[in-house]
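Quick heads-up: it's one chain on its own, the form predicted alone, in structure tokens.
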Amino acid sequence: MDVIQAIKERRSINFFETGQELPDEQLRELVEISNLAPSSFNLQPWKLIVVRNPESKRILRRCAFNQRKIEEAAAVFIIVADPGGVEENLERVLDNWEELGYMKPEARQGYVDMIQNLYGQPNSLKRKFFAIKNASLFAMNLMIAAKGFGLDTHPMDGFDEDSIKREFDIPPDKVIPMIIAVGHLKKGTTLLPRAFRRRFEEFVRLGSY
């Protein structure tokens, strides 16, 4: 599917066809394509938990205000923003930049200092914002890629984050910006027309606010 068509046709659907699966091969391809999302300094501060087991989906449904689409969807992705992604990935990123010629060896420490200054300490609010922003880029890429595979999605922020962390063994320093149901639109379902979107003139400012 053409990327513009995928963006135009992507909808957040509430009714999924039950009994569908997301096979391992398709799951891997979908996630690997989604992982091409941009991120600050290519630090990729995200993790992904894929929930496909029926019992796990029941548990997740309880953590998400009993939204039935969680159980009906083929899978639900828990997007995890990882403030520790800087420390986890920085050296590999810089090694790769040096290997590919993006960076000279003598510039390495300058990049380390810049990143630490920009994103602060691991437990800081600045670092959490960094992780959430970048994980959200991954999440949007995932939803567009899913549409390209003929899959439908629904992002959700209606959930008890502490409960999800407890039930799925997610460390307390991580942040869950959203969960995404993935599957196929229920057969026979007719979607209503796309809801209100603001006109260009209402939110675009040219040059300054």
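Quick note: we count residues from 1 along the sequence shown, nothing fancier. On a predicted model such as this, the values are computed, not experimentally measured, just so you know.
Same protein, other form: the form predicted in complex with another copy of the chain, not shown, and the subject of what follows.
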Could you confirm whether residue 47 comes within 4.5 Å of another copy of the chain in the model of the complex, counting heavy atoms only? yes
Within a 4.5 Å heavy atom cut-off, is residue 35 in contact with another copy of the chain in the model of the complex? yes
Taking heavy atoms and a 4.5 Å cut-off, does residue 21 contact another copy of the chain in the model of the complex? no
I'd like to know whether residue 163 contacts another copy of the chain in the model of the complex, with contact meaning heavy atoms within 4.5 angstroms. no
Out of 140 to 159, which residues reach within 4.5 Å of another copy of the chain in the model of the complex, heavy atoms considered? 140, 141, 143, 144, 145, 148, 149, 155, 157, 158, 159
